[in-house]
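Given as structure tokens, the chain that follows is alone and in the form predicted on its own.
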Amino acid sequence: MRELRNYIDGKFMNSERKFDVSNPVNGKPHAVACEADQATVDDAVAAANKALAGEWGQMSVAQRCEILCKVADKIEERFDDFLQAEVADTGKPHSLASHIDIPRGAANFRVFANSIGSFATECFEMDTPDGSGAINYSLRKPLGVIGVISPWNLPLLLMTWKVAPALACGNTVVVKPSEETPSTATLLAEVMDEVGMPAGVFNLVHGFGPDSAGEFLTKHKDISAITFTGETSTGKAIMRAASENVKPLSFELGGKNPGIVFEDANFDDAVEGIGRAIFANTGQVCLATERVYVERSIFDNFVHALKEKAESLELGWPDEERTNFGPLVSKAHQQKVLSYYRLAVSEGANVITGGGVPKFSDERDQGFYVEPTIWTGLSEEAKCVKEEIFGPVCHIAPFDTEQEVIKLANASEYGLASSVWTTNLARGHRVAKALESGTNWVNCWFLRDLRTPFGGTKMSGIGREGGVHSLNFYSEPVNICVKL
């Protein structure tokens, strides 16, 4: 099995404690990762701070961006290595990882390398009592050492979405990937080594959350800021830990996202788009749609069409071209999703399709698969309608008026994303504007311009990522006042 080591101060480091990394397709370990202890995390933070004062801190923006572009080039050069590692950790189909995860992982470095060069600051002229005047101008400076804690659902994409802007702004990083999916983070460390990234700029520590690398990182007094994507409950724990040292936080957390289909929507487009929003990446997407509201006049037809969509998904092997549905990431997560499948029945759901575990009669039966599932008939107060499940499942409910559905969609403690499907663009704009979500799509889903703000409201997060919004977080303004 491949050994995944920590990467600190430009060197790969072993450790006494190790843990297995399993392939979700068959449940078998395919790699072993070295767990970082407190001393290892301390070394990583020290190396990152040292690099700030060294070669990295002395580089110009252009020099930093040149290295970041080399990182992008090297990821593309090693595309197959990254693809195999991502699939081994997540079990997701090649068709998904090869078109989204790996290309975006490389693109993030180019996007932010290009963005930082045109990142504008402010300048204000002012009067002074003696009439000579003064000029105030601002500079953006790096925050320092960024603790990056990334999730398991889109491991490379979401890690680089944080690492790239942090480095572009001149920070150094200590990255803690999910213990479920540490392989592409380790490959990225190799890439950093290969392109000549100065030692200590990119550091990698493997491990878990409580009493492991995650907690050691979030509580560390010499970490300047923390960026995290993952469960809301974990975000709360990180906020408590970080509060001792008062530092900036960027959180992209959970969601229970609504999709709204009006009777005048392009029916086929809505079925296709909502289906993708539910079942893409086996529902393991923070932006996934778990609550669907359909205007009553087309409700029955829509439920039937979405059922056909779910039952047409191909649960083949990851490397088969036809495969478009994979396993969940772990046994624990499989059991969590299955517990909601059982809970829905006890809460009175009509199971339109799914609700169990598929049978393959091969080694995939030891993997972490669940069936794509659709429910109707639940109360809006049901736990399965209120709580994030993070699996390939949705509840569909009818509505009668625009005002009613806006109220239903907003009746959630989360506020990450939504989609509205209608050919009346005035209504599409009106409804999207009224929804309490950070990202609102009209007649599409997951269509992303990387320059736009991304993040959630309410319990779905703090702050925004993307374009200048990321650069604003990873740097701080300093005002200089010059009396003339």
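We number the residues from 1 along the sequence you see. Predicted model, so just to flag it, every value in this text is computed and none were measured.
A second form of this protein, the form predicted in complex with a small molecule, is not displayed here; the remarks below concern that form.
Contact annotation for the candidate site: Val61, His469 and Ser475 all lie away from the small molecule in the predicted complex (no heavy atom within 4.5 Å). Between the small molecule and the residues Lys458, Arg448, Lys28, Arg430, the one pair within 4.5 Å by heavy atoms in the predicted complex involves Arg448. Between the options Ala166, Leu154, Leu188, Ile374, the residue in contact with the small molecule in the predicted complex by a heavy atom within 4.5 angstroms is Leu154. Put simply, Trp56 is far from the small molecule in the predicted complex: not one heavy atom of it is within 4.5 Å.
When the small molecule is considered in the predicted complex, Leu96 lies well away from it, no heavy atom lying within 4.5 Å. Though the partner is left out of this view, Arg104 does reach within 4.5 Å of the small molecule in the predicted complex, counting heavy atoms only. The closest heavy atom approach of Phe202 to the small molecule in the predicted complex falls outside 4.5 Å.
Listed stretches are 157-165, 348-356, 397-405, 295-303; the contact stretch with the small molecule in the predicted complex is 157-165, by a heavy atom cutoff of 4.5 Å.
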